[in-house]
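Starting off, we have a lone chain in the form predicted on its own, written out as C-alpha coordinates.
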(Lines give C-alpha, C1' and ligand atoms only; values in the text may rest on other atoms or scores of the structure.)
Protein backbone atom coordinates (compact mmCIF):
# COMPACT_ATOMS: atom_id res chain seq x y z
CA UNK A 1 0.00 0.00 0.00
CA UNK A 2 2.45 2.71 -1.15
CA UNK A 3 2.15 6.21 0.38
CA UNK A 4 -1.01 5.29 2.35
CA UNK A 5 0.99 5.15 5.58
CA UNK A 6 2.23 8.67 4.84
CA UNK A 7 -1.37 9.88 4.52
CA UNK A 8 -2.10 8.70 8.05
CA UNK A 9 0.37 11.29 9.37
CA UNK A 10 -1.76 14.21 8.19
CA UNK A 11 -5.04 15.78 9.32
CA UNK A 12 -5.92 16.75 5.75
CA UNK A 13 -4.88 15.77 2.23
CA UNK A 14 -5.76 17.12 -1.20
CA UNK A 15 -5.56 15.19 -4.45
CA UNK A 16 -4.98 17.52 -7.38
CA UNK A 17 -4.92 17.03 -11.14
CA UNK A 18 -2.59 19.17 -13.26
CA UNK A 19 -5.04 18.96 -16.14
CA UNK A 20 -8.39 17.37 -16.89
CA UNK A 21 -8.11 13.62 -17.52
CA UNK A 22 -4.74 13.19 -15.77
CA UNK A 23 -6.21 10.51 -13.51
CA UNK A 24 -7.14 12.50 -10.41
CA UNK A 25 -10.34 10.55 -9.69
CA UNK A 26 -8.59 7.22 -10.33
CA UNK A 27 -5.93 8.29 -7.82
CA UNK A 28 -8.60 9.43 -5.34
CA UNK A 29 -10.50 6.15 -5.61
CA UNK A 30 -7.26 4.19 -5.15
CA UNK A 31 -6.45 6.13 -1.97
CA UNK A 32 -9.99 5.73 -0.60
CA UNK A 33 -9.99 2.00 -1.32
CA UNK A 34 -6.72 1.53 0.58
CA UNK A 35 -7.82 3.67 3.53
CA UNK A 36 -11.03 1.66 3.85
CA UNK A 37 -9.25 -0.94 5.98
CA UNK A 38 -6.99 1.44 7.89
CA UNK A 39 -9.28 1.74 10.95
CA UNK A 40 -9.08 5.52 10.67
CA UNK A 41 -12.09 7.79 10.30
CA UNK A 42 -11.86 9.36 6.85
CA UNK A 43 -13.92 12.29 5.53
CA UNK A 44 -14.22 13.46 1.92
CA UNK A 45 -15.13 16.79 0.36
CA UNK A 46 -14.11 18.79 -2.70
CA UNK A 47 -12.95 22.11 -4.07
CA UNK A 48 -15.41 22.68 -6.90
CA UNK A 49 -17.51 19.80 -8.22
CA UNK A 50 -16.47 16.20 -8.76
CA UNK A 51 -17.97 12.80 -9.22
CA UNK A 52 -19.66 13.35 -12.60
CA UNK A 53 -19.52 10.30 -14.86
CA UNK A 54 -18.89 12.35 -17.99
CA UNK A 55 -16.32 15.06 -18.77
CA UNK A 56 -18.32 18.19 -19.54
CA UNK A 57 -15.67 19.49 -21.97
CA UNK A 58 -14.56 16.44 -23.96
CA UNK A 59 -17.73 14.38 -23.34
CA UNK A 60 -15.65 11.34 -22.43
CA UNK A 61 -16.41 8.86 -19.65
CA UNK A 62 -15.03 9.70 -16.20
CA UNK A 63 -14.71 7.35 -13.22
CA UNK A 64 -17.16 8.23 -10.46
CA UNK A 65 -16.13 8.70 -6.83
CA UNK A 66 -16.52 5.54 -4.77
CA UNK A 67 -17.60 6.24 -1.19
CA UNK A 68 -17.16 3.28 1.14
CA UNK A 69 -19.24 2.24 4.15
CA UNK A 70 -18.35 4.14 7.31
CA UNK A 71 -16.74 7.08 5.54
CA UNK A 72 -18.00 10.62 6.15
CA UNK A 73 -18.58 12.88 3.17
CA UNK A 74 -19.61 16.52 2.74
CA UNK A 75 -21.60 17.66 -0.29
CA UNK A 76 -24.45 20.11 -1.05
CA UNK A 77 -28.12 19.20 -0.71
CA UNK A 78 -28.62 18.90 -4.48
CA UNK A 79 -25.87 16.29 -4.84
CA UNK A 80 -26.77 14.56 -1.61
CA UNK A 81 -30.19 13.75 -3.04
CA UNK A 82 -28.51 12.20 -6.10
CA UNK A 83 -26.28 9.83 -4.12
CA UNK A 84 -26.17 6.13 -5.05
CA UNK A 85 -25.70 4.82 -1.52
CA UNK A 86 -27.41 4.69 1.85
CA UNK A 87 -26.20 7.28 4.32
CA UNK A 88 -27.01 8.94 7.63
CA UNK A 89 -27.11 12.75 7.90
CA UNK A 90 -24.85 14.03 10.67
CA UNK A 91 -25.16 17.77 10.06
CA UNK A 92 -26.69 20.34 7.71
CA UNK A 93 -24.71 23.58 7.73
CA UNK A 94 -26.08 27.11 7.71
CA UNK A 95 -23.60 27.95 4.95
CA UNK A 96 -25.27 28.30 1.57
CA UNK A 97 -23.64 27.31 -1.71
CA UNK A 98 -25.13 27.63 -5.20
CA UNK A 99 -26.15 23.97 -4.83
CA UNK A 100 -27.75 24.32 -1.41
CA UNK A 101 -26.57 23.87 2.16
CA UNK A 102 -23.68 21.53 2.88
CA UNK A 103 -24.70 18.13 4.17
CA UNK A 104 -22.30 16.07 6.30
CA UNK A 105 -23.23 12.40 6.15
CA UNK A 106 -21.88 8.98 7.10
CA UNK A 107 -22.10 6.25 4.45
CA UNK A 108 -24.08 3.23 5.68
CA UNK A 109 -23.30 1.33 2.48
CA UNK A 110 -20.72 1.67 -0.27
CA UNK A 111 -21.69 3.50 -3.44
CA UNK A 112 -21.11 6.46 -5.74
CA UNK A 113 -21.61 10.16 -5.03
CA UNK A 114 -21.01 13.58 -6.54
CA UNK A 115 -18.97 15.76 -4.22
CA UNK A 116 -18.73 19.52 -3.81
CA UNK A 117 -17.56 21.45 -0.79
CA UNK A 118 -17.16 24.86 0.87
CA UNK A 119 -17.08 28.01 -1.22
CA UNK A 120 -13.74 29.44 -0.04
CA UNK A 121 -10.48 28.70 1.77
CA UNK A 122 -11.64 29.97 5.15
CA UNK A 123 -14.77 27.83 5.09
CA UNK A 124 -12.78 24.80 3.92
CA UNK A 125 -10.26 25.24 6.72
CA UNK A 126 -13.08 25.58 9.27
CA UNK A 127 -14.74 22.43 7.91
CA UNK A 128 -11.52 20.42 8.21
CA UNK A 129 -11.00 21.67 11.79
CA UNK A 130 -14.60 20.88 12.80
CA UNK A 131 -14.43 17.40 11.29
CA UNK A 132 -11.20 16.77 13.18
CA UNK A 133 -12.78 17.92 16.45
CA UNK A 134 -15.62 15.47 15.84
CA UNK A 135 -13.46 12.41 15.42
CA UNK A 136 -12.27 12.53 11.81
CA UNK A 137 -8.63 11.49 11.54
CA UNK A 138 -7.99 12.64 7.96
CA UNK A 139 -10.09 14.79 5.62
CA UNK A 140 -9.42 14.21 1.93
CA UNK A 141 -10.14 17.12 -0.40
CA UNK A 142 -10.64 16.69 -4.11
CA UNK A 143 -8.51 19.62 -5.26
CA UNK A 144 -8.15 22.05 -8.15
CA UNK A 145 -5.44 24.32 -9.57
CA UNK A 146 -7.77 26.31 -11.81
CA UNK A 147 -7.89 30.10 -11.65
CA UNK A 148 -11.68 29.65 -11.62
CA UNK A 149 -11.50 27.73 -8.35
CA UNK A 150 -12.14 29.75 -5.21
CA UNK A 151 -10.61 27.17 -2.90
CA UNK A 152 -6.98 26.13 -2.76
CA UNK A 153 -5.46 22.71 -2.06
CA UNK A 154 -2.67 24.48 -0.16
CA UNK A 155 -5.14 24.76 2.74
CA UNK A 156 -4.52 21.05 3.41
CA UNK A 157 -1.50 19.66 5.25
CA UNK A 158 -0.46 17.33 2.42
CA UNK A 159 -1.04 16.78 -1.29
CA UNK A 160 -0.90 14.13 -3.97
CA UNK A 161 -0.43 15.37 -7.54
CA UNK A 162 -1.99 13.62 -10.55
CA UNK A 163 -0.30 14.23 -13.90
CA UNK A 164 -0.23 12.46 -17.23
CA UNK A 165 -0.52 12.29 -20.99
CA UNK A 166 -3.46 14.71 -21.08
CA UNK A 167 -0.97 17.43 -20.07
CA UNK A 168 1.58 16.51 -22.75
CA UNK A 169 2.15 13.60 -25.15
CA UNK A 170 5.90 14.06 -24.85
CA UNK A 171 7.60 12.56 -21.78
CA UNK A 172 10.37 15.21 -21.38
CA UNK A 173 7.81 18.01 -21.80
CA UNK A 174 5.41 16.34 -19.37
CA UNK A 175 8.19 15.94 -16.80
CA UNK A 176 9.22 19.59 -17.30
CA UNK A 177 5.66 20.86 -16.75
CA UNK A 178 5.18 18.68 -13.69
CA UNK A 179 8.54 19.70 -12.24
CA UNK A 180 7.52 23.35 -12.59
CA UNK A 181 4.44 22.78 -10.43
CA UNK A 182 6.60 20.75 -8.02
CA UNK A 183 8.94 23.76 -7.71
CA UNK A 184 6.01 26.08 -7.03
CA UNK A 185 4.63 23.77 -4.34
CA UNK A 186 8.03 23.89 -2.63
CA UNK A 187 8.33 27.67 -2.48
CA UNK A 188 9.37 28.71 1.03
CA UNK A 189 6.90 30.30 3.42
CA UNK A 190 7.35 33.86 4.60
CA UNK A 191 8.30 34.38 8.25
CA UNK A 192 5.33 33.43 10.45
CA UNK A 193 5.00 36.76 12.26
CA UNK A 194 4.54 38.56 8.94
CA UNK A 195 2.43 35.82 7.43
CA UNK A 196 -0.04 35.97 10.31
CA UNK A 197 -0.55 39.69 9.63
CA UNK A 198 -1.00 39.23 5.88
CA UNK A 199 -3.33 36.23 5.90
CA UNK A 200 -6.59 38.21 6.26
CA UNK A 201 -5.81 40.76 3.52
CA UNK A 202 -8.15 39.99 0.65
CA UNK A 203 -7.50 42.64 -1.99
CA UNK A 204 -4.84 44.49 -3.92
CA UNK A 205 -1.05 44.86 -3.71
CA UNK A 206 0.61 45.82 -0.42
CA UNK A 207 4.15 46.89 0.41
CA UNK A 208 6.13 45.64 3.41
CA UNK A 209 8.60 48.24 4.63
CA UNK A 210 12.08 47.42 6.04
CA UNK A 211 10.48 47.88 9.49
CA UNK A 212 7.77 45.33 8.57
CA UNK A 213 4.98 47.88 8.33
CA UNK A 214 2.27 46.82 5.87
CA UNK A 215 1.20 49.57 3.51
CA UNK A 216 -1.79 49.52 1.17
CA UNK A 217 -0.46 50.80 -2.16
CA UNK A 218 -3.96 51.36 -3.53
CA UNK A 219 -3.12 49.13 -6.51
CA UNK A 220 -6.06 46.85 -7.11
CA UNK A 221 -4.55 44.72 -9.87
CA UNK A 222 -1.19 43.67 -11.32
CA UNK A 223 -2.51 45.05 -14.61
CA UNK A 224 -1.89 48.56 -13.22
CA UNK A 225 1.78 47.94 -12.35
CA UNK A 226 3.46 49.77 -15.24
CA UNK A 227 1.38 52.91 -14.65
CA UNK A 228 2.26 53.12 -10.96
CA UNK A 229 5.95 52.20 -11.02
CA UNK A 230 7.08 55.06 -8.75
CA UNK A 231 4.33 54.32 -6.27
CA UNK A 232 5.24 50.62 -6.21
CA UNK A 233 8.76 51.07 -4.83
CA UNK A 234 7.92 53.97 -2.52
CA UNK A 235 7.99 51.80 0.61
CA UNK A 236 10.56 49.13 -0.17
CA UNK A 237 11.00 46.08 -2.35
CA UNK A 238 8.81 43.46 -0.65
CA UNK A 239 5.22 43.08 -1.84
CA UNK A 240 2.20 41.00 -0.93
CA UNK A 241 -0.02 40.30 -3.93
CA UNK A 242 -3.48 39.04 -3.16
CA UNK A 243 -4.85 37.22 -6.18
CA UNK A 244 -3.34 35.79 -9.33
CA UNK A 245 0.26 36.57 -10.33
CA UNK A 246 0.95 36.33 -14.06
CA UNK A 247 3.79 36.86 -16.52
CA UNK A 248 3.03 40.59 -16.58
CA UNK A 249 4.21 41.18 -13.00
CA UNK A 250 7.35 39.04 -13.25
CA UNK A 251 8.29 40.56 -16.64
CA UNK A 252 7.99 44.04 -15.14
CA UNK A 253 9.87 43.30 -11.92
CA UNK A 254 12.77 41.40 -13.48
CA UNK A 255 13.71 44.48 -15.54
CA UNK A 256 13.85 46.84 -12.56
CA UNK A 257 17.15 47.89 -11.01
CA UNK A 258 15.90 46.70 -7.59
CA UNK A 259 15.32 43.14 -8.83
CA UNK A 260 17.92 41.49 -6.56
CA UNK A 261 16.19 42.97 -3.49
CA UNK A 262 12.66 42.30 -4.71
CA UNK A 263 10.40 39.73 -3.05
CA UNK A 264 6.85 38.86 -4.08
CA UNK A 265 4.68 37.21 -1.44
CA UNK A 266 1.57 35.33 -2.57
CA UNK A 267 -1.10 33.46 -0.64
CA UNK A 268 -0.04 30.06 -1.96
CA UNK A 269 1.44 28.42 -5.05
CA UNK A 270 -1.94 28.14 -6.80
CA UNK A 271 -1.95 31.93 -7.25
CA UNK A 272 1.03 31.75 -9.64
CA UNK A 273 -0.16 31.58 -13.24
CA UNK A 274 3.10 32.62 -14.89
CA UNK A 275 4.70 30.50 -17.60
CA UNK A 276 7.76 28.51 -16.49
CA UNK A 277 10.07 30.51 -18.76
CA UNK A 278 9.07 33.88 -17.28
CA UNK A 279 8.99 32.60 -13.70
CA UNK A 280 12.45 31.03 -13.94
CA UNK A 281 13.79 34.18 -15.62
CA UNK A 282 12.54 36.29 -12.69
CA UNK A 283 14.26 33.92 -10.22
CA UNK A 284 17.47 33.81 -12.27
CA UNK A 285 17.67 37.63 -12.26
CA UNK A 286 17.64 37.56 -8.46
CA UNK A 287 13.94 38.01 -7.70
CA UNK A 288 12.51 36.14 -4.72
CA UNK A 289 9.09 34.68 -4.04
CA UNK A 290 7.45 33.29 -0.91
CA UNK A 291 4.03 32.06 0.20
CA UNK A 292 1.77 32.39 3.22
CA UNK A 293 0.53 28.80 3.05
CA UNK A 294 2.42 25.70 1.99
CA UNK A 295 1.45 22.05 1.70
CA UNK A 296 3.60 18.91 1.74
CA UNK A 297 3.71 16.98 -1.55
CA UNK A 298 3.91 13.29 -0.63
CA UNK A 299 3.47 11.52 -3.99
CA UNK A 300 2.79 11.90 -7.70
CA UNK A 301 0.37 9.69 -9.61
CA UNK A 302 0.71 9.32 -13.38
CA UNK A 303 -1.83 8.51 -16.07
CA UNK A 304 0.00 7.52 -19.28
CA UNK A 305 -3.24 7.44 -21.30
CA UNK A 306 -4.59 10.54 -23.05
CA UNK A 307 -8.31 11.06 -23.78
CA UNK A 308 -7.22 11.78 -27.36
CA UNK A 309 -6.12 8.17 -27.73
CA UNK A 310 -2.34 8.06 -27.37
CA UNK A 311 -0.42 6.14 -24.70
CA UNK A 312 2.93 6.86 -23.09
CA UNK A 313 5.15 4.11 -21.73
CA UNK A 314 4.21 4.00 -18.05
CA UNK A 315 7.56 2.63 -16.85
CA UNK A 316 9.58 5.20 -18.81
CA UNK A 317 7.38 8.03 -17.56
CA UNK A 318 7.62 6.85 -13.95
CA UNK A 319 11.42 6.58 -14.11
CA UNK A 320 11.87 9.98 -15.77
CA UNK A 321 9.53 11.64 -13.28
CA UNK A 322 11.20 10.08 -10.23
CA UNK A 323 14.68 11.10 -11.43
CA UNK A 324 13.63 14.75 -11.70
CA UNK A 325 11.37 15.06 -8.67
CA UNK A 326 13.16 12.71 -6.23
CA UNK A 327 9.69 11.74 -5.04
CA UNK A 328 7.64 8.50 -5.20
CA UNK A 329 5.71 8.23 -8.51
CA UNK A 330 2.91 5.72 -9.08
CA UNK A 331 0.70 4.49 -11.87
CA UNK A 332 -2.24 3.42 -9.68
CA UNK A 333 -3.50 1.03 -12.36
CA UNK A 334 -0.26 -0.94 -12.12
CA UNK A 335 0.11 -1.10 -8.35
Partner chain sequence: MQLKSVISEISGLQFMVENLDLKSSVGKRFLLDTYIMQSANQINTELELVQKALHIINHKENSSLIDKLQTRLLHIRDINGSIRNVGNDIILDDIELFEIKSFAMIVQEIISLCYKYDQNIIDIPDLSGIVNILDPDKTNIPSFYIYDSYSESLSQLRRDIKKLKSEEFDDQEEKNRKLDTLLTKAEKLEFEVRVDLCKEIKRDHNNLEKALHNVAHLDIIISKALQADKYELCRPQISEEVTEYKALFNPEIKDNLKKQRRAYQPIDIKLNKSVCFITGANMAGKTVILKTIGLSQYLTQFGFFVPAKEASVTIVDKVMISIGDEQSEHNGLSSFASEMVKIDKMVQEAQKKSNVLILIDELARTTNPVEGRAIVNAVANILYENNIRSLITTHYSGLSNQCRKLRVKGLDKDIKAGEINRDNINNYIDYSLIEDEVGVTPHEALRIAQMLGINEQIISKAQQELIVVSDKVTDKGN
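None of the values given here were measured: they were computed from a predicted structure. Numbering follows the first chain given and starts at 1.
Below: the form predicted together with the partner chain, not depicted.
Colleague: So, in the predicted bound form, is residue 111 in contact with the partner chain at a 4.5 angstroms heavy atom limit?
Modeller: Result yes; residue 111 sits at the interface with the partner chain in the predicted bound form.
Colleague: Under a 4.5 Å heavy atom criterion, is residue 83 part of the interface with the partner chain in the predicted bound form?
Modeller: Taking the distances in the predicted bound form, the answer for residue 83 is yes, it comes within 4.5 Å of the partner chain.
Colleague: At the 4.5 Å heavy atom threshold, is residue 119 in contact with the partner chain in the predicted bound form?
Modeller: Residue 119 lies outside the contact set for the partner chain.
Colleague: Can residue 77 be called a contact residue for the partner chain in the predicted bound form at 4.5 Å between heavy atoms?
Modeller: Within the cut-off, so yes.
Colleague: Please state whether every one of the three residues 66, 91 and 103 places a non-hydrogen atom within 4.5 angstroms of the partner chain in the predicted bound form.
Modeller: Judged in the predicted bound form, 66, 91 and 103 all sit within 4.5 Å of the partner chain.
Colleague: Within 4.5 Å, heavy atoms only, one stretch in 223-231, 93-101, 121-129, 177-185 touches the partner chain in the predicted bound form. Which?
Modeller: That would be 93-101.
Colleague: Just one of 168, 242, 262, 87 has a heavy atom within 4.5 Å of the partner chain in the predicted bound form. Which one?
Modeller: Looking at 168, 242, 262, 87 one by one, just 87 meets the 4.5 Å heavy-atom criterion.
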